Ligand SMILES: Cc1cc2nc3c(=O)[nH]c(=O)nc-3n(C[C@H](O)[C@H](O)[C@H](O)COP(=O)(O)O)c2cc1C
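We begin with a single chain expressed as structure tokens, specifically the form predicted on its own.
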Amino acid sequence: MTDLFSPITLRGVTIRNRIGVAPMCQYCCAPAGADAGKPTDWHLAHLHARAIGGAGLVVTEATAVTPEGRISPQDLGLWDDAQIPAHTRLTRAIASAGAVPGTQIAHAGRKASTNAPWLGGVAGDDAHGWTPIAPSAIAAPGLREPRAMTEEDILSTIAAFAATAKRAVAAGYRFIELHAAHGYLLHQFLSPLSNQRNDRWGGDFEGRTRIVLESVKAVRAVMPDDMPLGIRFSHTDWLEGGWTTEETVQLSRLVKALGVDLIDVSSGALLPAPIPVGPGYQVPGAAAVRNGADVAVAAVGMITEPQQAQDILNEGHADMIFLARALLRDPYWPLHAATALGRVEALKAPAQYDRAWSSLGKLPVDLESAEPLTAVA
């Protein structure tokens, strides 16, 4: 049995428990100018709170490797050395609360130049939009048509992933994840539904996976040997003729051999699909990758309850649990989970908050009729 609150060591980095904050875009960076792509006070408060709440690994939102690789003009980026100090401020805050700071480096491909979700539509009606690039000139539904990438585009993008990873190391991140899921650029190359190239970057499995393998090699080469590398895959497109779980397992074996230490297993988002959404609906994909590729995996997707998370680990389906919306609703989910599972001793609240957490279960049930409590200085 793997305890949700037991540490896990990936290369030279020990994460205090099996709970990770999944990358979640916040859409609050400056869209242009000197502060474009830089983490803001919102990022600091948001991610520091999740570290204080007890998560073992805190991963930033998708962090663009080029300005054109942003999902929206308001996305985080690390394509320039001038952005490093703002990221360093963020990693120091996360680490100060006992969590490992991680970042997900990404390129949105044909899903770039969109507005923040609450604004809707595509960016580009003003000066902040641009023409996206993709494996093929096939638009995602409702988005602008991209330009098909040239050989030079592809090679420069691989180099951009490596350069961003090097900056991430300099900024103090201790875990890097490549984003190859959710219909973004690397996933677009993997799926026959979005990659219709007939050169060495398309066609069969070998061609469609080439950019992922080359990006992994380039990123691993600039990282310290003791620093873990992860990658997020959509294990299936949920569509006939699309990317499959079997292909994900095969590719996971290959990236493991190149130095990937953790596979973050998600699914879908390339195109609208009949996805059987429900509690833990992506866990079977994580289990398939873990068993088929003999690699550590993180399960994610509608995992909301402490016992549910513990059961996934008990049953050997995953090595870590990544939480997203559950942690947006409750930054202290890990501390609440430790209380619910009777593992309070395994995850201590910060000393500044201990008076609140140590009193759980000790307060009278009927507070109106209870005797006054002695005040604590």
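Start at 1 and count along the sequence shown; that's the residue number. Just so it is clear, the structure is predicted and the values come from calculations on it, not from any experiment.
From this point on, the text means the form predicted in complex with the named molecule, which you will not see here.
Between the options A36, L347, L323, A51, the residue in contact with the named molecule in the predicted complex by a heavy atom within 4.5 angstroms is L323. A heavy atom within 4.5 Å of the named molecule in the predicted complex is found for one listed residue only; from I158, L90, V100, V300, this is V300. With the partner left out here, the named molecule still marks one of 219 to 227, 288 to 296, 249 to 257, 174 to 182 in the predicted complex; by a 4.5 Å heavy atom cut-off that stretch is 174 to 182. Not displayed here, the named molecule is kept clear of V13 by more than 4.5 Å at the level of heavy atoms in the predicted complex.
None of the heavy atoms of S113 is located within 4.5 Å of the named molecule in the predicted complex. Proximity of A62 to the named molecule in the predicted complex: non-hydrogen atoms within 4.5 Å are present. Contact check for Q104: a non-hydrogen atom falls within 4.5 Å of the named molecule in the predicted complex. Taking a 4.5 Å heavy atom cutoff to the named molecule in the predicted complex, the contacting residues in 19 to 41 are A22, P23, M24, C25.
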